[in-house]
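For this one, two forms of the same chain are given in structure tokens, first as structure 1 and then as structure 2.
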Structure 1
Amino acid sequence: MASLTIKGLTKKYDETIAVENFNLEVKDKEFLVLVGPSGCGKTTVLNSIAGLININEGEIWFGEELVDAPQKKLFKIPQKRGVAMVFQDYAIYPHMTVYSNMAFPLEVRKVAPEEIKERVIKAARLLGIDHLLQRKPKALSGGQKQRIALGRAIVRNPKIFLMDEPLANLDAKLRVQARVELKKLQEELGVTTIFVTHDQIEAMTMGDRIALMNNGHLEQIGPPLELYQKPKNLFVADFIGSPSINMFQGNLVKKDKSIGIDLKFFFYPLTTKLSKSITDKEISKVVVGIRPENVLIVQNKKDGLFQANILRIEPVGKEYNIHLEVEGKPFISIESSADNWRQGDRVWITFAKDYIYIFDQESGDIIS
């Protein structure tokens, strides 16, 4: 088992820069989720770790061992890195039985036949696929194939698990189940795992920590709740959370002594504490972010409220997503009950006080 360190990883494909100056530290036994929109470079990072592509710059360490450093002309071939990888399409060989598929990495490594048998059967039991061992993969379901791919990875007792969207091809119900099983398995085996997904729910539910990528850069890394509650910038705030955060553009204005944000339809006064931290910076255009659960619909008019129209009421299980609109700008509130309102109603809205985020419109960085 090992920790993993990536320093200043850069990978270019001709003109396109897939990943630039990427740094990451994964602790021993940790389950790290690498998440980000399509094309942001997740697979590139994973393939770099496995040694499947040659990186342009940077260093990759497995524990104390340097495995990749182009500046030092060091490159350890994938065969020798001791990582196991689960591919998005599972890469199960169609001409081999399930048993042979799982035995393949051990046979290649010249493990004794009795030991191979023992380890394959043990892994198959663990994954609940021991009854499939003599079958050919063609006739198996997506969920079963996914387990075989996992099985082939775990028979090897690898130092590091790399998984590239292993659940993406499963249907919704199976995916939820596989999420739980995979996480449990990883805890049992205690193998350092890097799990790639573009699904933020998968990231939130599975990761010990989440590394959020965008455009070849690391935007933020931390435990799921930290990314949710303390996003460093607009991108993080927008990516994490479902339904996603509501955003309103506005201008900072001074009114009397205090500062507020002019949202056109509403003047949002800032607390004195907030005002202080903002006056130091030379910013006038901002974006206000507020999570749907912190948008509150109230019965009666009070101070500090504004009015919005209900566009649609969407029941999602025990909650309701209420789609609202103010001056052409749509936003969402999550309520536990929607009995009092109907589509088309005009209602009073307030933002829960301490839960708004203010971002610099230009840089996207958070101000408070």
Structure 2
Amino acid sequence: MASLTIKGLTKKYDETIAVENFNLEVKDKEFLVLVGPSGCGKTTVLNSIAGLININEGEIWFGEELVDAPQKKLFKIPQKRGVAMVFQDYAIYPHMTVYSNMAFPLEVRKVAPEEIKERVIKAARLLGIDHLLQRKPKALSGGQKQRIALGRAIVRNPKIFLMDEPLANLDAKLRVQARVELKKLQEELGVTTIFVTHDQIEAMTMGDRIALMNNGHLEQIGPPLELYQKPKNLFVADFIGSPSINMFQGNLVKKDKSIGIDLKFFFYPLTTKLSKSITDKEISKVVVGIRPENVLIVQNKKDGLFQANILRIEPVGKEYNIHLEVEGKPFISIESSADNWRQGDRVWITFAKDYIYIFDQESGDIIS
């Protein structure tokens, strides 16, 4: 097994920069999820690790071994890097049995038949498909085909697993089951894994850490709850979380000898410490972020509240997404019950005070 270190990776396609000065450290046996919107550079990073593309700048290390460094004219071919990839398209050979599909990468490497049999049967048992070894893929379900693709990777005893949206072709119920099984499997095997997805729910539920990318750059890396609770900027706050964080633009103003944020529909006063921090940075325009579970609908009017209209009540199982609007601005509250409200009601709203984020509107960086 091996850790992974990427230093200053840059990849260009003609004049287009896909990834720029990308740095990443993945610990041995860690399950790291690389997440971000489509086109942000996730797959480029994965293919660079695998050696499927030539990078323009930077270094890639597997443990203490340097496998890619264009400035040093060093490039280790994919077959010798000890990585195994699982793709969104499982690339299973339809004319081969399950056994033959799993054995194929070992046969290409001229592994002894006895060892091939031992590895295939062991991997098939681990994945619960040992009873399917003599079947053809056309007779199998999507979940079973996904296990074949995983088995074909496992039999190679790789140093690193690289997975490019391997659950994307499964239906919703199977995806939930597959997330649990894949995470458990990785823990049992103890193989360092980089898992690429644009689905932030997969990222939150599977990753030991999440590396969030945007426009070829790394925005933030850390445990899932750290990105959710302590986002470094507007992009991270907006991308992580479902439903997304509510955002309100405002201006810093003085009112009754105190400094606060004018949101047009509401004046949010700042603590003395926070107001000094913001004024010292000479920031005037900000964005207030509040997650839906911290937007509170209250029964009676009192100080520190504002009114909003209920646009729609959306049941989502044990909770309700309450879609609201204030002065043309839509936002969402998550409530455990909606018995007291109806679409079209005008209600009083407050924000949970300890869960408000304030961002610099110009740079997007978090202030508080």
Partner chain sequence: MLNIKPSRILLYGLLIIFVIASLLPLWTCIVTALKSSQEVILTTPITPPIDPTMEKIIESINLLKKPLMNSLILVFSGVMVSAFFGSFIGYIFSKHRFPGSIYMFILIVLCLYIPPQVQLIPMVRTMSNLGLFGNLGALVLLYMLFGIPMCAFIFKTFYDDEIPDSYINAAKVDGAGIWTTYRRVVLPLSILPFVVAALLQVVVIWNDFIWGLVLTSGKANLPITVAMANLKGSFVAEWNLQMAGALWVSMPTLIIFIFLGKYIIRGYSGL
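Under this definition, the rigid core comprises the largest set of C-alpha atoms superposing within 1.5 Å between the forms. As the structure is a prediction and not an experimental result, all values here were calculated from the model. FYI, numbering is relative to structure 1, first residue = 1.
Of the two forms shown, the form predicted alone is structure 2.
Residue displacement note: residue 95 has its CA displaced by at least 2 Å between the two structures (rigid core superposed).
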